Every structure is written in structure tokens, then in C-alpha cells.
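Given as C-alpha cells, the chain that follows is alone and in the form predicted on its own.
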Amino acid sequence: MKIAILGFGTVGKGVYEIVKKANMQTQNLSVSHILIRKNKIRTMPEMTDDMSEILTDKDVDVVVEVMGGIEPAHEYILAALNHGKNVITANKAVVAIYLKEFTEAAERNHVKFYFEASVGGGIPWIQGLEKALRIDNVNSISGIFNGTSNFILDQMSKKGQPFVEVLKEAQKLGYAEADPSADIDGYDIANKLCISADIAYDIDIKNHQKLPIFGIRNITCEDVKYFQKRGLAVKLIGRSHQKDNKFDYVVEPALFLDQTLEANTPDNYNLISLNGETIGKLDFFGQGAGMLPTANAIVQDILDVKERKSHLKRDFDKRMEYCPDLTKGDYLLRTKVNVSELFKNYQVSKEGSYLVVHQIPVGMMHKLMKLVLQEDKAAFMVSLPDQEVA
């Protein structure tokens, strides 16, 4: 089976390395093309800057897209599918927007579109979710989807270092990009949660980045120390629930009791959970990113194509209503401005330097927090344990 790799960054090199090592399962795999940017020097015989060379090569069975971003990844994936190539990707940003379109194109052309590595890196989360869905309705998804933010919060907790210092360390170690916005502002998690919810509920979420998202940019050492005194750990999480014909979706900092799995997820690890009607709570833990864990997931998908293993069929056409008030909870809010008028419809109490907003719908809390941030750009909020579905 011949493979073309689009992009030769960290993950692309990882795929090449695994395929080249060749064991009993991968010995019949080979990389025939590596797409590089125009005018970049070719340092390997497989390299090309001409996408049409890959599309017209009848011997190419699988195209692996690891370029990242939306375009030209979207264009190249569609072109490969329409040329009868199976496509594997780790690109959560493009999958979150175009999952339905890619799935339909693959079906139309009698090929496969697989994307295990787009959520959870080396964790078999997508296939685990699909397996649960063969029997159960999955009524909730939650977890730590982003290793960079988890590393930052874990190091702040262990070492008491300021956010900015730990972020620099994460960048030095390669966990965070030069522009870390996607990780620390929650948009990376939003993409992964969107993909997960689309599969779980068989829907096609539109404009998911307009839904409630709040990151960790404003967290301080004092916040972390205060939470620790209360026996709580803070994590940046993604959550979604469904009930009847409604679903919700949120990315936000959340507090967990010290003895929970979430509180004890260290460094750059991920912990993603689902809840099914018969299986109950099912947790998936492991390396959520990195060259070889992510490449491993890609090669697993390639082997599924080679062995003609079908994944769960989804049409992504179920009609469900996004309901920002589906879940209620308690929040801690730190701000220097007077917010009594903003939160007049909710019970608010004082706790040290924080306000506790009691039993407020999650969507409303995020809506009001945007107004708080207009007056106080350093304000911070975090959800307390035990949110409830209304």
C-alpha cells in the first residue's frame, strides 16, 4: 500500500518513521510521496511540491493530511477523495468544520475518510466513542482534551510558578506554539469537542467557535493556591450533554476534587470521558499529542483501510437544538468591578476574593462573563464541581 504524506512537520515525520521501521503489520506500507511547500528544497526522493502528481498517481492508495489549518487542507482532502484516494488526517480544525462534507465525498467515491488522530492524539478516543455508540446513546462527553493547557495548569499547581513563566517553559519544550492562543483560549478544545459531539449525537454543528468558550489566559498563582487550599484542582475542559432533542456544549476552566481522575491527570496528558446508557462512564487516558503518539493513531487508521475495517457510519443529519440553558452550575468569579446588577437574577454570595454565582445556566454565565470582561480584562471564572442537567 502506497502512502502520500501532505506536510512534513512533526507528525508527518512521525508517520514516515513508523512506516519505515516496518513490523509484521506495517511491512507492506511505503511512503511514495511527501508534499512540501513550493520553492522548498527537496532533501528526499519522495518529496514533491506538486499536488497533482499525487492525485494522478494511480498507485497512491492513501493520502495522509498533516498540514494543519483550513486551506489548502480542505481543498486537498476533497481533491484526494474525489480522485478515489482514501484520506487520513490529524487536522482537527478542518475536520471540525467539514466532517460531514468529507464523509459524504468519501462515500460517494467508495473510499474511506478516517480521523482518529484529530482528537486525543494517540488515545483511541474516536474508535472508543464509535464502539460505545454501536449499543448506547451517549448522553454526555467531557474531559481534558488539550495537553498544553493541562501542562500549564499542572505546573502552576506543582511549582507555584506564574502563568507566563510556565507558558514559556511549555513553548521551550515544544508543547505550545509561538502563538499559543488556540491552546490557552480553548479553541483547540472547541474543535475536538465539536468533532466528538458530531459523532456522538449524529449532528453537524455549525459555527462552533461562537458557542461558550472561556480559556485560562487570566488565571493567576493566587487563584491556583486558593483552589488547592479548598482541596480542588483546576483544569481546562470541554463538556457536552444531550437530553431529548437538545444538546449543549462548553469549553471552560473547571474545578475537580483532589481524588478525581481529572485532578490527577498530569503534565501534557489527556483524559476524555463518555457516559452511555449501559456502559456508564468510560474514561480514555494517555498522550494527547506529540510526534509518535499522533503518528501512531494515523498509522492505525491506515491499517484499518488496508484491512478494510469499516468505522461507524454517521450521516450527521440528525436535527437537534443547541440549548445554552441545558446545564446549570455554580461558578467562582474574580473581578474588580461591581457585577451586582449583571447577576441580579441569580443568587450571589461572597467567598474570599471571589463571588459565588449559584445555579446559573452555563450559557448565561458565559454571556454575562463577556460583559464583565469589557470592564475588567483580567477577570476570571471557573465552574465548581457537580454541574446538573436541567
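Model, not experiment: these values are computed from the prediction. Each residue number is its position in the shown sequence, starting from 1.
Absent from the display: the form predicted together with a further copy of the same chain. The rest refers to it.
### Message
With the partner left out here, check for me: in the model of the complex, does some heavy atom of R217 sit within 4.5 Å of a further copy of the same chain?
### Response
Taking the distances in the model of the complex, the answer for R217 is no, it never comes within 4.5 Å of a further copy of the same chain.
### Query
According to a 4.5 angstroms non-hydrogen atom cut-off, is L261 in contact with a further copy of the same chain in the model of the complex?
Yes, L261 is a contact residue.
### Query
Contact between L292 and a further copy of the same chain in the model of the complex at 4.5 Å, heavy atoms?
Flag for L292 set to yes.
#### Entry: Contact flag, K21 vs a further copy of the same chain in the model of the complex, heavy atom cut 4.5 Å
Flag for K21 set to yes.
### Message
Which is the contacting stretch out of 315 to 323, 243 to 251, 73 to 81, 121 to 129, given heavy atoms within 4.5 Å of a further copy of the same chain in the model of the complex?
### Response
Only one stretch qualifies here: 121 to 129.
### Message
Within 4.5 Å, heavy atoms only, which of F163, F227, F102, Y269 is in contact with a further copy of the same chain in the model of the complex?
### Response
Checked against the cut-off, the match is Y269.
### Message
Under a 4.5 angstroms heavy atom criterion, identify the one residue in Q27, S52, S349, Q359 near a further copy of the same chain in the model of the complex.
### Response
Exactly one residue meets the criterion: Q27.
### Triplet D136, I279 and N296 all within 4.5 Å of a further copy of the same chain in the model of the complex via a heavy atom
Yes: D136, I279 and N296 each sit within 4.5 Å of a further copy of the same chain in the model of the complex.
### Query
Across 294 to 308, which residues bring a heavy atom to within 4.5 Å of a further copy of the same chain in the model of the complex?
Contacting residues: N296, V299, Q300, L303, D304, E307.
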